[in-house]
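We give structure tokens for two forms of one protein chain below, kept apart as structure 1 and structure 2.
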Structure 1
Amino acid sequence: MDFGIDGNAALVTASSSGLGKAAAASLAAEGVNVVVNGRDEERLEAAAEDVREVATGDVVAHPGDLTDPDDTTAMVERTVEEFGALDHLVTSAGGPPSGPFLDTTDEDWYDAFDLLVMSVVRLVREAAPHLREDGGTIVTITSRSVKEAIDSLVLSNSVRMSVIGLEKTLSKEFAPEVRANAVLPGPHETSRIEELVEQAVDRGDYDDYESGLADWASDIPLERVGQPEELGDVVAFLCSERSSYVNGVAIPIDGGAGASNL
């Protein structure tokens, strides 16, 4: 199947690891020129090298912090400078800390909002003129926590809902030039999951990492956590011509773990 995006330009944020990196790799393998991003420059350069191994277009590493408005502006500008266009904006970010509600402070809530919501708001604002010029796509990587609250993830459960409201609004306001969709990952084997399972072990929820990971997979009909590239390929599909009538949806990618009928 030809995705029809060969030679397009994409900015994929928080892509020096995990799901963002997998999305960047899937797009790069389809011939998309990609800017990858993260804060740690060494980790970012290593990720860019990995993505180049599968890429048929260009891969540019651009360091920057998603919570810094100047940095988010610079990410968009760099993409347009490098490739002369911005056709696809794919947003990922780090995850907020886990733990019960009573352990969270006001600062935790504002930090989570800044990282997960304001980063997308600012990126979309900067990218909009470029996306609307020739038509484009926005894909936000959020979490299955927007459909079903996950234990010990009150910040994710609460704050990420705003991103879905934003994405749905954009799918109307920016149409027909731009399509906006979201993907809702269940557990995928990335450093974020390692961190969450290790935090749960430290809290005494599990004896060790292996039993924690097994527990995360226990309610998944496919009987395993996902691999990042299984999500990356869906992101590339949503950016592609093959999904040209898909707009304003939030697709769970969770091995069937969700209990909701819709």
Structure 2
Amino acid sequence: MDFGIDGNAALVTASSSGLGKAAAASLAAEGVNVVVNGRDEERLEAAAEDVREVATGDVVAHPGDLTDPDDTTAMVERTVEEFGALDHLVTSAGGPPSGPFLDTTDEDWYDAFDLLVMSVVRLVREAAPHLREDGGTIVTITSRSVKEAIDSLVLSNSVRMSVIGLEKTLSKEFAPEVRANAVLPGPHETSRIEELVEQAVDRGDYDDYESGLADWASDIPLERVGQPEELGDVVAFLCSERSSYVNGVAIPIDGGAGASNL
């Protein structure tokens, strides 16, 4: 299927690893020119090289901190400078610290809001004129926690809801020129899950990596965790002409693990 986005330009934040990197790779494989982003320059450049292996367009690495307003402005400016346009904005960010409510400080709350919400606010504000110019897309990568609260993740459960409210608002205010959608990932075999499983194996919780990964998948109807590229391909679809009537939705990508009807 031709996604019709060959030659477009995209900025994908927090894409030096994990699901952001997978989204960048899927877009690059469709011929999109992509700016990838992360704070660690060495890891970012390694990720850019990985994405270039599947790319049919250009891939540019731009380091920056999502909580720094100057850095988010520079990310958008770099994309337009490199490619002459910005057609697709894909926002991703690392998760806030885990923990129960009474152990969560005011500083934790403000830091989580700055990372998860204000980064998207600033990026969209800077990107809006470019996205509107020729018609573009916004895709926010959030979490299944916006559908169902997850134990000990009070910050993610609470703060990520704001991103969904923003995405829905943008889908109305920016239409028809710009479509805005969200994806809600469940467990995927990213480096983070690999690290957690390996730590559990070292503690003696599991006999080996495979049994640990199987435990992560125990409540998933498809009986496995997702592969990052499976989420990346959905992001690319939402950026594409093939999804031209999809706007203002939040799509769980969790193998059917969610119990919510909506």
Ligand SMILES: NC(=O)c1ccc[n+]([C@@H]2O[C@H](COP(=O)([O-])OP(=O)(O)OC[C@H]3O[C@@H](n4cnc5c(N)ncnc54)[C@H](OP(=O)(O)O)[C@@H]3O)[C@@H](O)[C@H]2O)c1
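Just so we're on the same page, rigid core means the largest C-alpha set that superposes within 1.5 Å between forms. Shifts are known only where both forms have a C-alpha. Because the structure is predicted, anything quoted here is derived from the model rather than measured. Residue indices: 1-based, along structure 1.
Participant: Do you think the form predicted in complex with the named molecule is shown as structure 1, or as structure 2?
Facilitator: Here the form predicted in complex with the named molecule corresponds to structure 1.
Participant: Relative to the superposed rigid core, does the CA atom of G212 travel 2 Å or more between structure 1 and structure 2?
Facilitator: G212 C-alpha, core-superposed: shift of 2 Å or more.
Participant: What angle, to the whole degree, separates the smaller rigid part's two positions between structure 1 and structure 2 once the larger part is lined up on its C-alpha atoms?
Facilitator: About the larger part, the smaller one turns by 33 degrees.
Participant: Taking the rigid core as the frame, what runs of at least 3 residues have C-alpha moves of 2 Å or more between structure 1 and structure 2?
Facilitator: After superposition, only residues 191-216 shift as a run.
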